[in-house]
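We begin with a single chain expressed as structure tokens, specifically the form predicted alone.
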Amino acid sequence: MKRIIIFGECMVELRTQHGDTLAKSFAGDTYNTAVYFKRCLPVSSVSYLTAIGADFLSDELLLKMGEQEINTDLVFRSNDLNLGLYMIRNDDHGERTFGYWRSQSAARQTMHLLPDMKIDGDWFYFSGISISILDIEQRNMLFSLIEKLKKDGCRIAFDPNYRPLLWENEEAAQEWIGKAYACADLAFPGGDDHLMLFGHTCADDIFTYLADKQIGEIVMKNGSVGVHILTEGKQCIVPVERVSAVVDTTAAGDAFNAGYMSARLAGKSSVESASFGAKVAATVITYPGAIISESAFKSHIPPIQ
């Protein structure tokens, strides 16, 4: 059984249903990936590394993680902070607008709450958001942990998932995301992220920037253009699924990453994995909310054998 450790922040999600009625759930970029990874590859062991509060919403999240079969052995409690919260509104094309309340999120103290313990895994996955919510001291602690994991044979996967408002400035984002790329075995750069952060306008710009990072496998998500894959010096483009009725694009990239990684860990080729990841993402964006129901998911995506 492969064990993947996924680090980040899970928040309360409030989504407008109709009028003044809101639907409550739990979501966050890396948490979304954890849930969909487990659904795609049920035989895997998925642990979510984070911190939550001691409030009733945090208790509800723990129960929800159990329902999703996400291991909570690396979920730590804060007595002072609680869960972050965000509200989401979608337009007629499924594009979203967010409002956040996360300054008191316990996940921002995860590395301080992490006890002195040995952590083992086959893969460790994190994102630019995972880094951005931490202070400088904890960022260094995170990269020390990643270094130890790599020495023990754990492989590292990273998605920059750049959100400008979470960073102190653009220069800091460039520095820390660059460090994350440098320790990654598998990277998921996004065309939009690199355009905003680095000014890269095409796949060649991104691959040139990453050339000295010694990343074994680069999977660039580029919207409707397709997925550009660079591995072992060979590059290819995999077309994405066309979706005519997009409802909510919130977790599209998170779902793709989950599908891709789960397929790769199951022994599929990079092209097969990209096609599978695209199918997972195409399914998720036809339903409202970041985490769609398990029944809806399974009706489109059979578990990987």
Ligand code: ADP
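Source: prediction; values computed, not measured. So that there is no doubt, residue numbering starts at 1 and follows the sequence shown.
The form predicted together with adenosine-5'-diphosphate exists for this protein as well; it is not shown, and the discussion that follows is about that form.
Trainee: Looking at 202-210, 221-229, 150-158, 78-86, which one sits within 4.5 Å of adenosine-5'-diphosphate in the predicted complex if you count heavy atoms only?
Mentor: Single hit among the candidates: 221-229.
Trainee: In the predicted complex, is there a heavy atom of adenosine-5'-diphosphate that lies within 4.5 Å of any heavy atom of Ile70, even though the partner is absent here?
Mentor: Output for Ile70 is no: heavy atoms all beyond 4.5 Å of adenosine-5'-diphosphate.
Trainee: Since only the chain is shown here, I'm wondering whether Phe256 would be in contact with adenosine-5'-diphosphate in the predicted complex (any heavy atom pair within 4.5 Å).
Mentor: Within the cut-off, so yes.
Trainee: Should Ala281 be classed as touching adenosine-5'-diphosphate in the predicted complex when contacts are defined as heavy atoms within 4.5 Å?
Mentor: Within the cut-off, so yes.
Trainee: Is there a non-hydrogen atom of Leu62 within 4.5 angstroms of a non-hydrogen atom of adenosine-5'-diphosphate in the predicted complex?
Mentor: Contact with adenosine-5'-diphosphate, no.
Trainee: Scan Val46, Ala51, Ala263, Ala252 and let me know which has any heavy atom within 4.5 Å of adenosine-5'-diphosphate in the predicted complex.
Mentor: The residue in contact is Ala252.
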